[in-house]
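In the form predicted on its own, a lone chain appears below as structure tokens.
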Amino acid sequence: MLELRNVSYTYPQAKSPILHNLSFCVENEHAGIIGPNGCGKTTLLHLMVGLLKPTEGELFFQGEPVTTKLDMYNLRRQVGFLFQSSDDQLFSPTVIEDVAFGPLNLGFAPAEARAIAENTLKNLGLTGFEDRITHKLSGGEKKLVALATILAMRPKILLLDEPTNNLDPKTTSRLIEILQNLELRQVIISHDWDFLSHTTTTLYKIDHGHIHKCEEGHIHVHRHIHKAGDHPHVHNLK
């Protein structure tokens, strides 16, 4: 459904492109993207939702090049993007207004938009948050509400940029549970190996401006000590 084809991107005043002749296609999978800081992971997602325009190459949606404002509108109706910082995503006074904003812009009547928003909050375990003041929420609560604003628009693809940044373990576990139960394509950027091991089926690595699918079978094994006892698990690495 979503593809970058032979894309390069150079930031203004940069001497060289951060991404160079890169091709990436969102397949029917839960994909994780890893790589060192500054390698272009967030840039990649921004290119995929049109927040940045490629210096070279093309963005395709449903097999067609995205060239017009209407093309981009149709893409953004079906591709949800969770920003690294929830404060970049939430702007309404109350939670229900933030979550209903997307459905309203899709053309739903106010009563329908509110019903969609309430149901979305219920599905995320956020019943009772409707009239809470958005900027007074905790970091973890903001992250879940930001996710609700996206899911209320019923996307087919979900892009997540470092979704566990500054989250407590309880909220991280809840986010894992939510993502595991969503029946839609997902692309997740994260430095959190534990999180990726529970939420992704395929890993990609960005290195020197290119993206590579990590080899299957190359794993890293370690253990965590929980109240219930020793908990070994594995992570796909490369």
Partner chain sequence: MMDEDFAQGTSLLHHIDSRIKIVVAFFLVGIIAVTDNFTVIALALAVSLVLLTVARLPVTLVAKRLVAANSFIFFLWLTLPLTYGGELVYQTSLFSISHEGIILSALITLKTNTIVLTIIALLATSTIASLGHALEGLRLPGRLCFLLLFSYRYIFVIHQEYLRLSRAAKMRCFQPATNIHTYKTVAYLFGMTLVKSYNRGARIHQAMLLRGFNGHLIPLTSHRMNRNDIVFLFMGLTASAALVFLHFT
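Positions refer to the first chain, counted from 1. Remember, predicted model here, so these are calculated numbers, not experimental data.
Keep in mind the form predicted in complex with its partner chain is missing from the figure; the text below concerns it.
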Please state whether all three residues 24, 39 and 65 have a non-hydrogen atom within 4.5 angstroms of its partner chain in the predicted complex. no
Which residue, 161, 98, 71, 141, is the contact with its partner chain in the predicted complex, using a 4.5 Å heavy atom cutoff? 98
Specify the contacting stretch among 29 to 37, 180 to 188, 206 to 214, 47 to 55, defined as having any heavy atom within 4.5 Å of its partner chain in the predicted complex. 47 to 55
Do residue 168 and its partner chain come within 4.5 Å of each other in the predicted complex, heavy atoms counted? no
Could you tell me if residue 128 has a non-hydrogen atom within 4.5 Å of its partner chain in the predicted complex? no
Heavy atoms within 4.5 Å of its partner chain in the predicted complex: does residue 124 have any? no
4.5 angstroms heavy atom contact with its partner chain in the predicted complex for residue 104: yes
Which residues within 112 to 150 place at least one heavy atom within 4.5 Å of its partner chain in the predicted complex? 113, 114, 134, 135, 136, 149
